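First structure 1, then structure 2: two forms of the same chain, each alone, as structure tokens.
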Structure 1
């Protein structure tokens, strides 16, 4: 509900670390200027982050006439974070240092029918073992593992509640993973992972309100409002893929008709291709990835069928994005995830034109539409960021406990 002073402290701690990771080395004075926090607050938070080993002192810089200023930087070697991206067609695992550089990655493809929970858990455990071995990281240095799984998740209980594209209902994923993995585990979905990645490292960093449109097999719209992820009252905000775009339109696996996802998710784009050119050689009937790749290559080469499919996809996507712009009045809309990354500039151009036709003048003028600038898998990066946030939160709780215990009182319930 309302933000408590503990929430504000946590948000400020994220903000300072985010800024240090983005601009290392940096001084407390620069951090205060960049975050709008007071120098005293910044000094306290920097002290906490130094104590946690997440950042490190790296020397001094001269300040004009004054005392030399201490510089801090992300402590790349202070620990490792792992991000896991479970998708309908693959499992990606990446291992990061604390500056969020990728040290090792593992990609495993999954074929249709290979996505039973125990199969996926084996892929994830193998991937984690593989990246840790390749990066030469001891288990004790892994601060946490963030796991992203499509659909609706309960991050408190670690249950994947509903993942229609995987055929999962109420799978206790973190429980299953914990049998193989000893690190702290954090569950969320690709939509929120992409959004947090943009908020910390991408196009939403330092911006006001942002919408991260996630185009994969499924489709969602992550909301970064007021500098933080908008989760909603039961952590399911962003389920934009099932917005009705065409009343009585294409049947969706959710049971409704005309959902955005049925026109702009990977299977929807395949359907757009089928309707435009049923025998197109671009179509790989059983392989989304191959079809989107073929479309991307052909569109880059000005193939008229591929451009037609991109235009038809963008017509629907642009109408839906216009509605988001009108409703939320964001500063930036980011096109993210693998379908957006592959279709790239041709898709972006057509979406911008479609939005310009649809959206209201005032919010349109305030909004920029961009492709995600994150060069690696944004879902792995975002999942690793959830692990980093988790490590910061539990460190904060331990610190609060020490303080109150030292004063001879028990910690108040939060």
Structure 2
């Protein structure tokens, strides 16, 4: 799509705000150097963000001579943002200030059979009400709610087009949520949310090209190329979990066989455990979270069965990540989401060894493989940035409309 001058201005305003949040406090000169924009452009954009109340002046930096540089920072008290992480087994909700510090969180588990859209909407609405009450935030201060849902998402229409692990097809999710939630709503999926979180605050910060591998019930690979989020032409980039790893392999929820997800997602890891030790006490047949937690504890204690499952999982994961490294040549591959967080260092070490057996030497030498360093839920954090982006775009549109109206009033008669 052709970008208008207003689109470019909005993108530049968002990039300046992103840098301010990530580097607070910072000067206009530092912002110009970080964004590649001219100092005059940065000064104008900073002025607009000050007028919107999203940032604030915080004094001057020490100077060894010459004019002191004024510093700006995120205006933490200027409003609130909410990020929602809808997964197959839970709904997490976190409320943030404008510096993206967590002020309150809510966790709602979803049992098997509780994933119908109307049930999920009730969980989300309850979670949003809970965090607002815990933080003591008035509704008017919430600038927006970013919602992440697994699968294929149409951001413009707010439709969850296809979420195989939830059994959803063409669910008008934002419309359903709007019946219960008065705040502005913005929809995307966890691949994009995790990637933005890593770009802002995590292992992809300052990197030109990064891959964020999400390991949960589902699996995917968020892409940051050229320092920015890569969505693809239909917002579908990153569905690596549904690429074929084993010909005629395990049946996937998407209908294909041998997908990456069926070997390294939480249900796939449970199947790895069944095949290695069918009667293992580590297996909780109807509870993914309990099984992964038991494996993590046992692996930390050098249990041979648990270590064998981690090794088998890493064998498949390493082969898939090698494909990403050979294809994209990223600076960093980040293992993210709840399965990666729980299995932690034992999984990371085995993955690195497996990747070393498969990836080409030159791209591998340029790639670091790490666990996500983000201490909170990266999906909620990334979803909150979508709400911030939407709020900034809306503010820009209102400002442009006011300017157009004012010009119309002052135009000379024809």
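Each form is matched to the other, and the largest set of C-alpha atoms that superpose within 1.5 Å is called the rigid core. Residue numbers count along the first chain shown, from 1. Nothing here was measured: the structure is a model prediction, and the numbers come from that model.
Peer 1: Which number goes with the form predicted alone?
Peer 2: Structure 2 is the one predicted alone.
Peer 1: Residue 32: CA shift of at least 2 Å between structures 1 and 2 after core fit?
Peer 2: Result for residue 32: yes, a 2 Å-plus shift.
Peer 1: Once the core is aligned, does residue 355 move its Cα by at least 2 Å between structures 1 and 2?
Peer 2: Comparing forms between structures 1 and 2, the residue 355 CA shifts below 2 Å.
Peer 1: Superposing on the rigid core, is the CA of residue 41 displaced by 2 Å or more between structures 1 and 2?
Peer 2: Yes, because once the rigid core is superposed, the C-alpha of residue 41 moves 2 Å or more between structures 1 and 2.
Peer 1: Superpose on the rigid core and then read off how far the CA of residue 12 has moved between structures 1 and 2, in Å.
Peer 2: Residue 12 C-alpha displacement between structures 1 and 2, core-aligned: 3.6 Å.
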